[in-house]
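One chain comes next, on its own, written out as structure tokens in the form predicted on its own.
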């Protein structure tokens, strides 16, 4: 029951943080979204930042787990094949819970200094996967020569932009979005160029 209530709190907070921003959302707003008194919320969470931390941490765990699975599934594959799996994994996490993903992408900087540093290190490590893959593809000729850190930032910025427009009831399925973003990413990196 406690875990279920925490998930409910995080779901309501994700929606509010996405719509109003972290700074624009009060504890009272979250409580109102749950139809409880503000003071009752503190029986489940210590602070608004703790809710943000839980949301961001869960999203980071999901991105890392999806990337780990993509890596396992494509071990020994070409750089374009590995990139395809990584893009599909990333889009999958973005679209499975767009509220949580949006908070992860846009609101993590609202964390306290220590938590922001910890999450920044995790985000840097995640981006490092992309950099290494792009560098490998450039080195082997599978991709055009590219500045791997800049190319990784370019791809992740484009992918993370999905949270600003994606709707589960929209015209494109997560699979269709992933397929388009795979094609765009491979073209951007010059895969299969003459």
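Positions refer to the first chain, counted from 1. Owing to the predicted nature of the structure, the values given are computational and were not obtained by experimental measurement.
Below: the form predicted together with another copy of the chain, not depicted.
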property	result
Heavy atom of residue 36 within 4.5 Å of another copy of the chain in the model of the complex	no
Non-hydrogen atom contact residue 157 with another copy of the chain in the model of the complex at 4.5 angstroms	yes
In the model of the complex, residue 11 touching another copy of the chain (heavy atom, 4.5 Å)	no
4.5 angstroms heavy atom contact with another copy of the chain in the model of the complex for residue 187	yes
Option touching another copy of the chain, based on a heavy atom within 4.5 Å in the model of the complex, out of 125, 150, 132, 65	150
23, 106 and 144 each touching another copy of the chain in the model of the complex (heavy atom, 4.5 Å)	yes
Partner-facing stretch of 52-60, 163-171, 28-36, 65-73, counted where any non-hydrogen atom is within 4.5 angstroms of another copy of the chain in the model of the complex	163-171
